[in-house]
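Let us start with two forms of the same protein chain, each given on its own as structure tokens and named structure 1 and structure 2.
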Structure 1
Amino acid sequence: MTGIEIYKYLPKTNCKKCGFPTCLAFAMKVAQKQAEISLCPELSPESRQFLEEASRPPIKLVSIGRDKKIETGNETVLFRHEKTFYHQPGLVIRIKDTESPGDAARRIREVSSYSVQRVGLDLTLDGFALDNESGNPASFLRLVETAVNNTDMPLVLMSPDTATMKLALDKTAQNRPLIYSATRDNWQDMAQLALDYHCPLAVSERESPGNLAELTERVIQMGVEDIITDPGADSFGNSVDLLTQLRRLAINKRCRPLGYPSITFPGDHASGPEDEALLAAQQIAKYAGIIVLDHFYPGIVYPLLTLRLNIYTDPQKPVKVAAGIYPINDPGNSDPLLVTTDFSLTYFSVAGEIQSCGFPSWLLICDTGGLSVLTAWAAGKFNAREIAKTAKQFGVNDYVNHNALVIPGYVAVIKGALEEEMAGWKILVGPREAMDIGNYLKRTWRENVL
């Protein structure tokens, strides 16, 4: 709904009780999903019900696990530029009960403790899919026990056998594992387990989205609320097709039985870990809710976690990196010092160029609220005063001994003012484009400073 459409239902009194200056301002915030309709205390019950219904997300938010959780769903668009993607898909590692208990325990511990730092965030995997591959209840229970003893991460319990599932739930239900899965053969029993143990339930129906919707509808009828769908997205040949169909049905057609996140298995037909990783990557972008990986290699998981971070970045917010001094290529105190803004794309292109040219350097980043060089300069956030302030704040003198600072070529005009602000410093005008930095450093910088 647009701001004006919502406004029609509001009292139009501009009473400010919602915290916004006018009813229209409030309506526009609601339309952008930046405010809850419930903030308006003067709404009639009918209007409230209508507006709440209309603003309900077309894909349900489903959570798995208790202390550590996977929260997935709540998506509202097909393309991230239209708004943003809200909840990152859970990345879980599949452990089969055919593995030796020792191997399984080791892998579970390894995955649980895996964490990689990126842009100040700790990126981790999200859980395990325990697979009753053997068909043997005892092996499965042993695996479940191993998991319970070695990790507090969310679990997906994979067994077609309802009796086995019940036993596994007895051990794990308090942690709300995902039950995988209800099929056309066992849906009543599985749904009953989901209800009895208050756990989320996956519904597998790989024949067609239509059949999947039917089966999900039955499970909903039984009273299950937290559902994950499994349309069988397991190859490059069908994954984008199926997941696009589901997402379009949920968002554009408001098809409630399909308004749930989906689980995928990119390893099922993969030729190897790389092939699996590429499909997983695609499913991160196109539209998986939980991705089950067969392999765990840090060299592959790190890129996947990075991708997930990228795709789920809110495109409507300028992405900033923290202000400060960044060492690149292990610089010493006679190495160059460059300055630029904190807009992530600016930072990445400058840092990337320095990185790739191999020249050790210091990069000073100014807080401009995430603006590019020219925009920040125009907004008065990347001028001589601000740069001098930042240089002082982060103590540039502690890092370099040459008192020379390279500014972006686009702001050559501030050279004079900056030399005034930073007495004793030599201000050098660098290239306009990041891609010329490498050559600039290799040639011009040395000549200028040495």
Structure 2
Amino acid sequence: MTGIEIYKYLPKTNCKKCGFPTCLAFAMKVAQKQAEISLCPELSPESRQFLEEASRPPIKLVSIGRDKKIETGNETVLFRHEKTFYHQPGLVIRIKDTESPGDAARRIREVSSYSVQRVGLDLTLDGFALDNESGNPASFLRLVETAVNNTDMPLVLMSPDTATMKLALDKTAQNRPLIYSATRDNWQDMAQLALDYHCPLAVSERESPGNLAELTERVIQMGVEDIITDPGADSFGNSVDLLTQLRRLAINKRCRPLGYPSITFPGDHASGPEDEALLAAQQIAKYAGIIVLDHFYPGIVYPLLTLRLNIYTDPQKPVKVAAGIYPINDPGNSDPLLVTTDFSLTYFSVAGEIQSCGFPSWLLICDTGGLSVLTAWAAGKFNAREIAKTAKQFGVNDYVNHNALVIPGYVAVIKGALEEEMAGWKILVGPREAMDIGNYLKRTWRENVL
């Protein structure tokens, strides 16, 4: 539906309770799949039901957890370049109740505290899958208690026994875990637990997408709305075929029973951690909603987090840092001053090289709208006038006393114009590549300024 069509069903009071200034603005956001119709508290029940069904994205948004959340789904396209992907897949670590409570607690704390920085963002894992592998209710409940006491991250509760699942939900339902899973043998009992405890439910049917759709439809008819599907994606070929087929059926054919995010277990059939990581990487790209990993090694997890970031960053919105002047390695007023753009990858490449070489420096960042050096220069956003304006705006003379500025080698052509714009300043042409900055500072800077 278009924004205007949605607007016809809204109360038109402009009450702002939805978080938008007008009903029309809210309708436009709903049409663009950037807001849920449930945000409007003034809708009549009839209008709400109609609009929720009509405006629901082909893949439903499902949330797991309470304070910290995994939000997956709400996707509208098959390919990132068509529009964008909205919700990155959750990466969770499986902990089995066959581990000792001490080992489980140690792993949970280690994973919970894991964080790395990439282009100014903190990359972390998203939660834990607690597996009742032993089949023993007491062992599973000990694991659940251990998790609750050591982390506030979202949980996936894995047990085929509904009685055991109920005991686990008594301890964790307030945190809204994912119940895994409803099968053809227990779907009624599991669906009832999902309704009683207001938790999302995984539906597992690995025989065929048709059977999965049939089982999911039964669960929907019982009243369960938040569903994660498990189609049994267990190998490279099988995974890409199944998950792509589900995505196409949901988006192109509007098959409602399959319009839900999927959960995968790449470690189930992997020969080792490396094989698991490769399959997980494929599933990040196509098209898992939650990926359960059996192994936690920072050297493997970091590339997966980076891949996920790259795929689920909106290509139309460059990641950028704030304009300003940044101290690196505790510089003084006689240390170098360099300038570059606010594109995050550029900033962190340059800052990282300066930091690693150990040379104290100031780094001036120009607001170019998140463009790289050459792109910003070609667009007229990183030229002599803009650099001089930024230098004045942030008062570079308050930081350095040598009136020397290093520009990127790729824009050496602006040297003369910048010397005119910044009268009395010595403009130095730095290296083209960030990797050469260390040698430049240690040699050329000392020769030309010190």
Partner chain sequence: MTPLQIPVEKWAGKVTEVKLGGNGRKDITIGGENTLPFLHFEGTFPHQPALAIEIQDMEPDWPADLLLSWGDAVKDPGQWARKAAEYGADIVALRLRSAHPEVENSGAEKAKRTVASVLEAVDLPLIVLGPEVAEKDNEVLLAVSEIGRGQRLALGNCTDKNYRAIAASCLANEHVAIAKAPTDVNLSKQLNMLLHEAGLPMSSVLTDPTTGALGYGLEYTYSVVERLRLSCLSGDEMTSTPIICTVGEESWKQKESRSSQDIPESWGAQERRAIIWESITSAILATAGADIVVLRHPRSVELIKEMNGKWLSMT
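None of these values were measured; they are calculated from a predicted model. Here, a residue number simply tells you its place in the sequence of structure 1, counted from 1. If you superpose the two forms and keep the largest set of C-alpha atoms that fall within 1.5 Å, you have the rigid core.
Of the two forms shown, the one predicted together with the partner chain is structure 1, not structure 2. Remark: with the core as the superposition reference, the CA shift of Trp187 between structure 1 and structure 2 stays below 2 Å. Remark: with the core as the superposition reference, the CA shift of Thr368 between structure 1 and structure 2 reaches 2 Å or more. After superposing the rigid core, the Cα of Asp398 is displaced by 2 Å or more between structure 1 and structure 2. Its Cα shifted by 12.7 Å between structure 1 and structure 2, Leu39 is reported here after superposition on the rigid core. Shown is the Cα shift of Lys320 between structure 1 and structure 2 after rigid core superposition, which amounts to 4.4 Å.
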